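This document starts with one chain, in the form predicted alone, laid out as structure tokens.
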């Protein structure tokens, strides 16, 4: 694999680094799980969009730069290394948008993508249900035909960003009950017409919500793809979520670098220092693996079920790095941002609590290991 960057890629890196150095907020934004923090992150996204950096890999007509996959990875490395704010738009830009490019109509792309890039509309992912979390095909929420569109009924839960978002995307059953993967349809819907019940997290903020649909009307032009083909389309979204786009190596490289600095500042004992070194090496290994994958995609190959391997790796690495940080901090580890002696404004504690969700969202790691065993390794069921 060629790991050398072209002159254009190096030039792009320098441009991104310079812009971030001059624009990343000096003070940490409030949590995006609060209303004030959500809107502050929306304004940050609008700054990125103005510089055409909110969605660099998109075509120019939708607000992007037509950057290659390698250039997108370069952007991500610089973004997280600069300590830039978390991406409140990620459900739209990193999950829904690739699916829209593959399965959406030209009218849908023209309608939704520019506002997504500008953060005018922030999207929530509405897939899980009380009895259909990791087993998405068991969902029971349904949609019924109604005068040029559909009426949605049912209950979704653990919907990311739904407490404050503008739009949602999710699957509903349009075929007979019990068909599992068949008879599912992918819908796009405004959350203003849905009953939204925020769910309080461990940190006290509502990062998720329950959604209740009681006959919400959705026009036919807000179906993504063809009715009944939702499972195939959803798997394209899931591939983005488990593969490259949701969790790029840049995020974990930045965490590994912060962990290394923390170990040095706290004079880590040899055992912890060895674990920190291993975590840094694992983050670098994930980076190299991802660049290799990107080269294969550029050559026309597909990730397929192998995306599950990356998902298991990065989610467990994230937990391990944050747990290591808390061990290094000792009694200061559990301190929140409000505590005078909190390290780095309590970011390590916040990061640890969030990392615990990694082995669950995007399909639990138990499910991912089954996929790896059956579809990648060819083991018997």
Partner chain sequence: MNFAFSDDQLALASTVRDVLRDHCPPSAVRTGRDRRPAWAELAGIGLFGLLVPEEYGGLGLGLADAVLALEETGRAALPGPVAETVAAAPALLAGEDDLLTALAAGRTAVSVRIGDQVYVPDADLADLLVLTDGGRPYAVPAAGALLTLQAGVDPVRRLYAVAFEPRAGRPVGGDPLAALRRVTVAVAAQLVGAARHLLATSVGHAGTRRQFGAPVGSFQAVKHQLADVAIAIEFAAPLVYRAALSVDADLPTAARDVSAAKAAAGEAAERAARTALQVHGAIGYTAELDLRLWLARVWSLSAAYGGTAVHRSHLREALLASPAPRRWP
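Bear in mind that the values here come from a model prediction, so they are computed numbers and not experimental data. Residue numbers count along the first chain shown, from 1.
The same protein has a further form, the form predicted together with its partner chain, not shown here; the description that follows concerns it.
Trainee: Can you pick the stretch from 274 to 282, 144 to 152, 91 to 99, 162 to 170 whose heavy atoms fall within 4.5 Å of its partner chain in the predicted bound form?
Mentor: Among the listed stretches, the partner-contacting one is 274 to 282.
Trainee: Identify whether its partner chain in the predicted bound form is within 4.5 Å of every residue in the set 14, 45 and 347, based on non-hydrogen atoms.
Mentor: Checked in the predicted bound form: no contact with its partner chain for any of the three.
Trainee: Going by a heavy atom distance of 4.5 Å, is residue 8 a contact of its partner chain in the predicted bound form?
Mentor: Residue 8: no, not in contact with its partner chain in the predicted bound form.
Trainee: Check residue 297 for me: does it contact its partner chain in the predicted bound form (non-hydrogen atoms, 4.5 angstroms)?
Mentor: Close contact is absent here: in the predicted bound form, residue 297 is far from its partner chain, nothing within 4.5 Å, heavy atoms only.
Trainee: Is there any non-hydrogen atom of residue 253 lying within 4.5 Å of its partner chain in the predicted bound form?
Mentor: Residue 253 belongs to the contact set for its partner chain.
Trainee: Heavy atoms within 4.5 Å of its partner chain in the predicted bound form: does residue 232 have any?
Mentor: Contact with its partner chain, no.
Trainee: For 316 to 335: residues with a non-hydrogen atom within 4.5 angstroms of its partner chain in the predicted bound form?
Mentor: Going through 316 to 335 in order - heavy atoms within 4.5 Å of its partner chain in the predicted bound form - the hits are 319, 323, 330, 331, 332, 334, 335.
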